[in-house]
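In the block that follows, a single chain appears as structure tokens, in the form predicted alone.
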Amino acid sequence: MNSISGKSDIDWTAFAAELAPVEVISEPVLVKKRSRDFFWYSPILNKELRTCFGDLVACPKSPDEMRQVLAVVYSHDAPVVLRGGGTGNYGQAVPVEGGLIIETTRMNRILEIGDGFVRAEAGAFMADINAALKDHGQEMAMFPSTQDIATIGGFVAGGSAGIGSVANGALRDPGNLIALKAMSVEGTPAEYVFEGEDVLHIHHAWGLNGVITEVTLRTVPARNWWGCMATFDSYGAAYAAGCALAQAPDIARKLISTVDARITQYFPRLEGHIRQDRHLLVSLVPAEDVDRFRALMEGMGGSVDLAMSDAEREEKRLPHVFDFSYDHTTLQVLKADRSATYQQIGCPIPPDPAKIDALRPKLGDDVWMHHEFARLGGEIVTFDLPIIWFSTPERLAEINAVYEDNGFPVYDAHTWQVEGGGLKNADYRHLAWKKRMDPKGLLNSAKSAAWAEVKDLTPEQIEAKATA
């Protein structure tokens, strides 16, 4: 089999034969399909990554099969990327150097559910885990809005927060990510166990520095969450109500999102359920707190247009309210108009409605705000995932500059290298573990701009750069 990517002289037919009995996918159309994730959220990434393809897909069903795949990878010096559900937005799972794609979704067993934790193989879907937890009176402390197709390994490798973070913090907060196992890419791959703070050596590294095979996450007692939506006459009022809800001592909440009124026109399934042309607050509140939620929203000038249990929602055939939060908000717009994109913006701490109001007119009519509320390190924070009507890279740079100049840091969603987005700088702890776990630099190495400068150093020398 020839190289689909055109970037390798590996005999992929012989390579596939060495993988047997591991299932492989070699049909070019299917390989190309699995070479994509949600990078098309960004017109810049879409231009840069849409012609990047792998050469072969391997689908191991167990740690032993994964070990076999990685040994073959090592013997051929084959570039490799890991893929779960392919829900990443930055090209994390795109094989920019060609080579092998390892799809983890066959490794999907839920291994153990205990008091306050769940342990599962990396390819288990988040929705399946949440469903299994219900029988044990528990739920995940947080999950992405893409839970139906997102895997637990992919969430740990590429994610940071989600539905539940306003109550339980980010993944990196102590106690949320309890343990993980990751396999090395060597002649005889070894499986390492990371626990406690050591999980941060592997977490959020885009699969650069080890093949995550198993994850143990914190769970919390299940509650009867109601989907609630309130509308407001101004965005500032909606944001202020979100701040009040996030700090209300007598109302629990699993989600708080605020959405510019202009975005809600792209929510056709909510037509008739929320007031038109009003700014929206989206929340998950337990049944016993709904009346207090209603009183708070109305006291702050809002109208509670929707408050319903899961059973009522299913009867009315409505989506989950979290389908209008996080990156799903962007997706709702993109379904109708691919000229939209988004950005990731940090906000001043503590949240300040006056600063949001002051910034809005400076951004222009091509930027529509959408904020998510979370708890990080015990503090309530917000971040903006605005809808941006893309025109040129230069205009996007201007928008970024307006945010930065006004004290709102930009975590660029339009780069496919890990240092350019959420990290903003090289994480030399990650790269030191990459040297230990992946000595030949075969794992998704192109996604780190800093790897080339440290690849010939020892792990200890790389770690020293972290404190230099």
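Keep in mind the model is a prediction, meaning the values are calculated, not measured. For every residue, the number given is its place in the sequence shown, counted from 1.
Another form, the form predicted in complex with a small molecule, is not on view; read the next lines as being about it.
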| property | result |
| --- | --- |
| Residue stretch of 348-356, 270-278, 284-292, 327-335 approaching the small molecule in the model of the complex, non-hydrogen atom distance within 4.5 Å | 327-335 |
| The small molecule: the contacting residue among 297, 217, 387, 161 in the model of the complex [heavy atom, 4.5 Å] | 161 |
| Heavy atom within 4.5 Å of the small molecule in the model of the complex - residue from 141, 150, 241, 263 | 150 |
| 4.5 angstroms heavy atom contact with the small molecule in the model of the complex for residue 257 | no |
| 4.5 angstroms heavy atom contact with the small molecule in the model of the complex for residue 155 | yes |
| The small molecule contact at residue 433 in the model of the complex, heavy atom, 4.5 Å | no |
| Partner contact for residue 86 in the model of the complex: the small molecule, 4.5 angstroms, heavy atom | yes |
